[in-house]
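First, one chain by itself in structure tokens, the form predicted alone.
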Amino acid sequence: MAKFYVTTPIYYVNDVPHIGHSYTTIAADVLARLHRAQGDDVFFLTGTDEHGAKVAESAAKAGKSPQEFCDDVSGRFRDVWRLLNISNDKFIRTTDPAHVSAVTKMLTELNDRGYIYKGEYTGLYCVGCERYYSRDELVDGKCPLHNKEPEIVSEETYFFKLSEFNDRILAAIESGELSIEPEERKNEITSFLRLEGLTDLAMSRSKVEWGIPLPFDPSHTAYVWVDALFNYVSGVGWPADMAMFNRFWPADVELMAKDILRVHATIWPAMLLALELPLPKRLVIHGFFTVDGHKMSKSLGNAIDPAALAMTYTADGIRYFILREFGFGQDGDFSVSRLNERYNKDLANDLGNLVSRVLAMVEKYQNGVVAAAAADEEIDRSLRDTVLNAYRSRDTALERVAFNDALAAVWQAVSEANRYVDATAPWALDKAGETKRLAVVLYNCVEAVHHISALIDPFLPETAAKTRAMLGIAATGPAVWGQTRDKAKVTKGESLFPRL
């Protein structure tokens, strides 16, 4: 049995769950569901990042302790993931005792191995990002993400010898040991490592109390990124459960947005190399969302709430739209009008109408009972081949994490099934008394719906389950034609996607 370990970043509790977070998490969920269906041993990790000065500041403004504040916001993330049918195996929090213990051990080991030293650091610090910036990274002298001038901060700190790992990280990326996708993001990192190179990392704070104390100097707390990045290994058992850790590590896919690639492609692999742990296999990077052409941000008040959208468009409607509308590695513009269009055309008209009319015709013409019949005409074989070929096209696209291409391949099967219904015209066959041909056509229609329910399952799990219930099956079988048993009883249920 192959293993498959997929992660999202852990989301910062100073934010609220928005459509950007949902994009990454739904993508990871699709990969996890696909690999489970293929029989792999799957572990899917997500969670919340809860330490740092910004969290303590927000908690104070809210009149709460930092822990109370984190409990509240972390709970909101979990509520949204449940609403969107996210099937994570673990939800990790950086305030979890097991994670704190793992980070403490990691810091001890890095110190014992000689990778940490004490010094003084002065730099341009963005409180919003909780990181230092070089002047070259600023845009018009301001943080590129928060559009604010960073503060000049000088403090006693401990440094991690990040610079020692520059060439090893570059070699790992160029050899494919650490794959960064898409290619433009790989080139971005390799260019940085070649032309600028890594400098040692100020990895502690003496002025930030809400964090994990350094085991060798409790007057300092760990830099929030050093703490947060380690969730990928603490989440699968390091060091308390090494059997689990060895079972799943290294991660097969780590998904993230492009704004946090730099730390994931430098600090994270350097920490692992220092601890002599394997690197993750793939970092897969997606772009940013704008909203109707404008940058999405909490400060602008246009951050899209996935929970509110799901009330109208359903969880599966949201899942479908954000994966079908955008290429995963590219920036995309989120438009509610486009969501409405996709919902009505692709989901209500194409998929929902297909399932409704197929099952309605079986109920009307055969009392809801399907008669097994072999495909015996070219049009029947064309339907069969198109539907079965969609599995390979879908899976090939998902290996490339091209979710929009995968759904396009599935919708080719949906479209072919709709064309088949129109071309064979079961209503005309019934009127002409051609009962034998009608049985063949309706069997093929039901069989196509059966396979489509399997094809959509990783993307639209709730819709797939409802479709299986109408077909009277508990689970879909292998990708071969003829899964629907003779005399199977089907029932037309409620519309999967009522037109808006």
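All residue numbers are counted from 1 along the displayed sequence. Keep in mind that what you see is a predicted model, and the values were worked out from it rather than measured.
Beyond what is shown, the protein has a form predicted in complex with a small molecule; the following relates to that form.
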Inset, instruction - Heavy atoms, 4.5 Å, the small molecule in the predicted bound form: which of 207-215, 280-288, 119-127, 101-109 makes the cut? Say which one. - result: 280-288
Inset, instruction - Determine whether any heavy atom of residue 229 comes within 4.5 Å of a heavy atom of the small molecule in the predicted bound form, and answer yes or no. - result: yes
Legend entry - Residue contact check: residue 29 to the small molecule in the predicted bound form, 4.5 Å heavy atom: no
Legend entry - 4.5 angstroms heavy atom contact with the small molecule in the predicted bound form for residue 131: no
Inset, instruction - Spell out, yes or no, whether the shortest heavy atom distance between residue 24 and the small molecule in the predicted bound form is within 4.5 Å. - result: yes
Legend entry - Output flag, 323, 408 and 411 jointly within 4.5 Å of the small molecule in the predicted bound form, heavy atom basis: no
Legend entry - Proximity to the small molecule in the predicted bound form, single hit among 160, 225, 420, 313 (heavy atom within 4.5 Å): 225
Inset, instruction - Would you kindly say which of 402, 360, 256, 303 lies with a heavy atom within 4.5 Å of the small molecule in the predicted bound form? - result: 256
